[in-house]
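One chain follows as structure tokens, the form predicted alone.
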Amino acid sequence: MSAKTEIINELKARFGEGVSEQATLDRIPTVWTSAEHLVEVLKYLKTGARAPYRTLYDLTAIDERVRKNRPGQAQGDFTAVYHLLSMERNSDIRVKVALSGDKLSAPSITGLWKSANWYEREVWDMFGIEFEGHPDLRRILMPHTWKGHPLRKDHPARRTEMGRFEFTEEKLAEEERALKFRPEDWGMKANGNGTEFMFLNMGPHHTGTHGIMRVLLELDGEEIADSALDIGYHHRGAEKMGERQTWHTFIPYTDRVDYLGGVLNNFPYVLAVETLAGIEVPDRAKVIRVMLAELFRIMSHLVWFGTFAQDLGQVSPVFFTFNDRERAFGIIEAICGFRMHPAWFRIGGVAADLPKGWDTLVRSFTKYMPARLKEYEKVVLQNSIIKGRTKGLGKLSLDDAIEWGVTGPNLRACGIPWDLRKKRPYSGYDQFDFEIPTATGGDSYDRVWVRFQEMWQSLRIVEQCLNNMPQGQYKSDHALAAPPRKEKTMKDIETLIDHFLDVSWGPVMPAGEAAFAAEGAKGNNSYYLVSDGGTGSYRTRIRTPSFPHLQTVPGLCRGLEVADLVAILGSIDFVMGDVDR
């Protein structure tokens, strides 16, 4: 019996008609339940099932009101979608709840998962779905004065569809009132135990926040008594744009999510679309994708490594790591024509074949980097001040990491070798020889150490791509691959027309749902796509690693000092585009 069949049968045996199954193109077990049974079903999956689903991986919603193709699904105006993960099973499950009526509501699950706090706030912010029992249900990504819920289908998707914006005196006064700091609004107290606390804003413009984020600190002298994070300053409506663009033309937008990750952002998106379309990618395209992804993993880690050292007072490493990153960018530019945001992956493969001389550039880089990494290890990892500032600081236990939805290097620093490239190999990763670095302490130093070791492993993978690059096509011949391969577009008028239509209107994807997760530089990056049988996505959900990671910060820094918070934030490795989308 498959894991999917097993858990579905388990739920049906326990809840009977309280759950019903839905078939999906990604074959993730998907069940429907009612709002009345939701908490009971989720609690069973988390604590009662064999090899339980301990991680709330994602929580989102769908505005179903104009969707046409919904066979076998419960009827409702909106759907709340809960995505759970069991690392013991290496399996996911999707639980859905249909919601209708003037007042959309579901019970809060913050009592089951602490990480549900931000997710439920986001769903309320974007869709207007209320979660009964939530401790602080208010906007999280949009300004507090925003009117409406942007991911509803009746909310404008373009600036030109909205009225003229005027910043009047009344509007200015309203915005200033909304920004006024009141400790109780953030779950803080002005005083306690005879002590009057001091409140400090760290950010939104502060080098230690690695982007536009505001950290509100409640201080008892030098000690952090409590803290809260104010995010959303970098929100650009990426998911709304995913539902506005065609399948093909949304690819460049994905680059801007983790804006240091380059094609690592393209990866889960194109894999999710290919799952919808049933496209098999040629081996050469798979290996090209892997090579570029691992180069970007190294480049992302180099940026983080240099800026982390700078956060702790080392000036030189950031100049060296950025110089090494420039060498890698030389490879990316030669192959893709662009640097940070090449948007080079395509539905069915990659944009073009590798140019002449690519192997010389890659070989030069793989020979150059080992000596640099050895030097960085001596200068940073073995530095007594760095160790003193990070060892034992911001410790995260494995149980807490699983509870909060932590993935990637931050999870592996807690002692578990969970890496999608090994656990659920995609794009031929199972054909490569590499190891998954882990640590056991879960502190700031361990998070640094794991990422540093990952650069060595990525170099191994890149070198294997260099030495074993297969021959063949760089793109699938599948009818839904977009756009068609260039060499076919100039032979007859029909293929030229197909090329024009696939670029302008885009291919029509079969109706259905598919999610795909890939191992990004900062953790698991997923796209959950809903197709209504059109040229663009009906619902685009982007699950990023940094969003749940930042929820752990208040607990990691409580009782420490402000300088310790800077070290903890640096060790987490996040960018605000990845948080706010």
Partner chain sequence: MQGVITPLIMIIAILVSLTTMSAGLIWMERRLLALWQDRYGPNRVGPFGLLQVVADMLKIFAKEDWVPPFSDRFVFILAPAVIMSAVLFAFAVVPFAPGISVIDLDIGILFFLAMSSLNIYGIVLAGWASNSKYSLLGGVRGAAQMLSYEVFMGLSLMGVVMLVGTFNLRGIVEAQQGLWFFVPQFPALVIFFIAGLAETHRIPFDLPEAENELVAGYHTEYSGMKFGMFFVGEYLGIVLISALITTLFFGGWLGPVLPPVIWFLLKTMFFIMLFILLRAALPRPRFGQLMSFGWKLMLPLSLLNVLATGAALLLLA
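Positions refer to the first chain, counted from 1. Computed from a predicted model, the values in this text were never measured in an experiment.
FYI, the form predicted together with its partner chain isn't displayed, but the following is about it.
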{"item": "Selected contact from L260, L276, V81, L312, since only one has a non-hydrogen atom within 4.5 angstroms of its partner chain in the predicted complex", "value": "L312"}
{"item": "Residue among C557, V566, L11, I572 with a heavy atom within 4.5 Å of its partner chain in the predicted complex", "value": "V566"}
{"item": "Segment that reaches its partner chain in the predicted complex - one of 243-251, 132-140, 314-322, 480-488, heavy atoms within 4.5 Å", "value": "314-322"}
{"item": "Triplet G76, A106 and A238 all within 4.5 Å of its partner chain in the predicted complex via a heavy atom", "value": "no"}
{"item": "Interface membership of I298, its partner chain in the predicted complex, 4.5 Å heavy atom rule", "value": "no"}
{"item": "Its partner chain contact at H206 in the predicted complex, heavy atom, 4.5 Å", "value": "yes"}
{"item": "Any non-hydrogen atom of D359 within 4.5 angstroms of its partner chain in the predicted complex", "value": "no"}
{"item": "Residue contact check: I386 to its partner chain in the predicted complex, 4.5 Å heavy atom", "value": "yes"}
{"item": "Residues in 192-230 with any heavy atom within 4.5 Å of its partner chain in the predicted complex", "value": "M198, F199, L200, N201, M202, G203, H206, T207, G208, L219, G221, E222"}
